[in-house]
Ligand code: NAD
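The chain that follows stands alone, in the form predicted on its own, written as structure tokens.
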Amino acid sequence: MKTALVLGAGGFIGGHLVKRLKREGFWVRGVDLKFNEHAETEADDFVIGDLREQSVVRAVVDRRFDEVYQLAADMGGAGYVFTGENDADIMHNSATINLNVLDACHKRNIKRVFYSSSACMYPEHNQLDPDNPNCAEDSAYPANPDSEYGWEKLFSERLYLAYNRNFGMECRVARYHNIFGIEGTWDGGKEKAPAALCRKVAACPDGGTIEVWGDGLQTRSFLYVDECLEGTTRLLRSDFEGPVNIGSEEMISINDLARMVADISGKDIKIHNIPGPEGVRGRNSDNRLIAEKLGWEPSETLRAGMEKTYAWIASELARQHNQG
């Protein structure tokens, strides 16, 4: 039986990845600071541990694994990443995890490690026009991310690829673009725009008003989690090391995303734009390289994914309300 190690398995993408690997017949060990809040883990072995601690990482990397997925990071939505208040934690925690994981995998002679980087590492100056952002993989340099989160991702990308060059590892690096879906964080400050808007609309009475940070004209693309996992597993099992975008090319403004959620809900909702952290003006996945190297592109529309996500968050909100 093939074995896989999922680091960050208590998180949103990690929880879904464990389920997928189990369906494929893997024996899976998951590691995280906490269990997933929204679903029971399907991992064969789940270790609660702090990957910033070298001893913890050595203990969980106690054998050869066929596949290692390194998703663990200190992260969140704009309210966490762009305020500047969490910069030291974001850089220290995530870099420490990656240094520990690579060292342990190298010493165990594990070759295939997937690393989830982020579109946040792209230069700010290429994302000033909300209608024409440039996020082609080769546009990364000269480097100028708009957040310390992006700088740490860029450093860690280089770290993984250096281990490939110097130690013959076969690490694979992907730049995720706003992954969303069911069983993800939807409140508390670390949620991202799709989940936050679903929560606001679900809690808003018909005819009410929701708040949207910034002028709402900033653009993004969002990829449903199942599509993300397809791209992720294909990349790890391929001969292409990356970095490569894993995202959607269906770009939308945040105001239009809010209107889409309102339409899905069947409610008449007004938007009130307020000052708030919003990141770059425009970002969209450029999928030419992944199509060329892996022969793959996402197939599901943004609306299809948002319909599933809204239904799930609305039901969670109702359940929370009934319990309260």
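Because the structure is predicted, anything quoted here is derived from the model rather than measured. From 1 onward, residues are counted along the sequence shown.
From this point on, the text means the form predicted together with nicotinamide-adenine-dinucleotide (NAD), which you will not see here.
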- request: Please determine, with the chain shown alone, which of 122-130, 146-154, 161-169, 234-242 has non-hydrogen atoms within 4.5 Å of nicotinamide-adenine-dinucleotide (NAD) in the model of the complex.
  value: 146-154
query: Is there a heavy atom of I13 lying 4.5 Å or less from a heavy atom of nicotinamide-adenine-dinucleotide (NAD) in the model of the complex?
result: yes
task: May I ask you to check whether N178 falls inside a 4.5 Å heavy atom distance of nicotinamide-adenine-dinucleotide (NAD) in the model of the complex?
output: yes
task: Report whether the minimum heavy atom distance between K192 and nicotinamide-adenine-dinucleotide (NAD) in the model of the complex is within 4.5 Å.
output: yes
message: My question is simply whether C204 lines the interface with nicotinamide-adenine-dinucleotide (NAD) in the model of the complex - judged by any non-hydrogen atom within 4.5 Å.
response: no
query: Given that nicotinamide-adenine-dinucleotide (NAD) is left out here, which of L71, I210, A140, L229 has a heavy atom within 4.5 Å of it in the model of the complex?
result: L71
- prompt: nicotinamide-adenine-dinucleotide (NAD) isn't shown here, but in the model of the complex which of I182, I97, A78, I252 has a heavy atom within 4.5 Å of it?
  reply: I97
field: Contact check for L33, G49 and S118 against nicotinamide-adenine-dinucleotide (NAD) in the model of the complex, heavy atom at 4.5 Å
entry: yes
